[in-house]
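Listed next as structure tokens: two forms of one protein chain, kept apart as structure 1 and structure 2.
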Structure 1
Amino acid sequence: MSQEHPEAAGRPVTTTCVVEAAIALVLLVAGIVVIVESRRLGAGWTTDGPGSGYFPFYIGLIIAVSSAAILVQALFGKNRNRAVFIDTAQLKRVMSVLLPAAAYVLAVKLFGLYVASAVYIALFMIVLGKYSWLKSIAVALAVNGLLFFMFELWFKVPLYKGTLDPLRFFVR
């Protein structure tokens, strides 16, 4: 399959049915957890009607049964999808967004939404977009300025300033 795209330089990492089976397995476990937890909460009939786990019990059952069915289809089905799920080049591109995004959320906790967002946008543009420092910082500041006006001033929705609150100097 991957030969059809000569420009995609990546090697195939895994096939779709393998990923399907892995996700189905995880969700099968989740379904069993829901069933067990619902039974603990009371999945039957209590003195004043159906217990707290009455409805979730059946939900857990549906999760478990359908993920088991998907697992079987993905592993042994006749028409299981053997197409490449992702190749190394694609995986690299996805991770180049996902990992910085995780770092960004971590930074939000410390420095607040405004500072973290500005740094994130600027770095994203410099590293992935290969823009000049000047241009990147200008865009980052402009976007954050606009957000600040929109949220803090126009709609009066204060955003998170972080545990370190680096913007406290600006407080009136």
Structure 2
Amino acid sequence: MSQEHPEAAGRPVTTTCVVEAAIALVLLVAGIVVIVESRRLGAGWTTDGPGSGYFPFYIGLIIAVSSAAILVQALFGKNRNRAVFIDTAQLKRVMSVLLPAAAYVLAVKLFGLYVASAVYIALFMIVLGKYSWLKSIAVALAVNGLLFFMFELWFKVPLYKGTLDPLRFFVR
């Protein structure tokens, strides 16, 4: 994105090889966990055939070996990619989407899918899209009203209403 607007580029945050090493380390840990747990389940061959941990063991082994190779290449390889992975301007744009999405997931737990989605859509349109309040609220209510009628009334599939269930007066 900084290539599109070079004047908007910020201070470099990290390089590509550091991100590759971090992701490889996370995958290495995940692969080791899969190996250990599949051995606990029985990763060997039994009289009936493969044990319940047989296939997960080999998948975990492939993940661990591959991620270890990527980790070594990212840290010690001759052709490490030292290009800037992300700068502060790009990180700010990513966080402007990621943090509201994380808050939305938490809001779904409390207020349910319909209310949280309506607020999320409206705020997303107002803050990031720079739409007017009236248009944003109208779109948020229309989308969630349509989803409400479609799932709750027509398909008879109730969606999650949340711990507080703010729509309990409308649905009976």
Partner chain sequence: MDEIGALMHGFAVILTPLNIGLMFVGIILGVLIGVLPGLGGANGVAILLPLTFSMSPTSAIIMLSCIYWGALFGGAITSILFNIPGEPWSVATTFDGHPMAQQGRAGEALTTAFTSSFVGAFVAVVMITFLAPLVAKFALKFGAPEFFSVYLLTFCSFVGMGKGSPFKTLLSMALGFALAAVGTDTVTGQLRLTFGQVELMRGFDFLIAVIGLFGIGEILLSMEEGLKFSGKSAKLDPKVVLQTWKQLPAYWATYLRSSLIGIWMGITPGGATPASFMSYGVAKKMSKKGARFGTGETEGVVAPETAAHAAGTSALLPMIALGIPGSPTAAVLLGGLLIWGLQPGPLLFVEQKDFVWGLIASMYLGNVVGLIVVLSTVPLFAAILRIPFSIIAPVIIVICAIGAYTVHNAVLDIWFMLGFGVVGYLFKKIDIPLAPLVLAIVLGDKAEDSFRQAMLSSQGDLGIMWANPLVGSITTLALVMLLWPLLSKGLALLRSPRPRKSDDPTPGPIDTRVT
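Take the two forms, find the largest set of C-alpha atoms that superpose within 1.5 Å, and that set is the rigid core. Source: prediction; values computed, not measured. Residue 1 is the first residue of structure 1, and the numbers go on in sequence order from there.
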property: Form selected (criterion: the form predicted in complex with the partner chain); result: 1
property: Smaller rigid segment rotation relative to the larger between structures 1 and 2 [°]; result: 10
property: Core-referenced Cα shift (Å), residue 47, between structures 1 and 2; result: 9.0
property: Core superposition result - C-alpha of residue 58, shift between structures 1 and 2, Å; result: 4.2
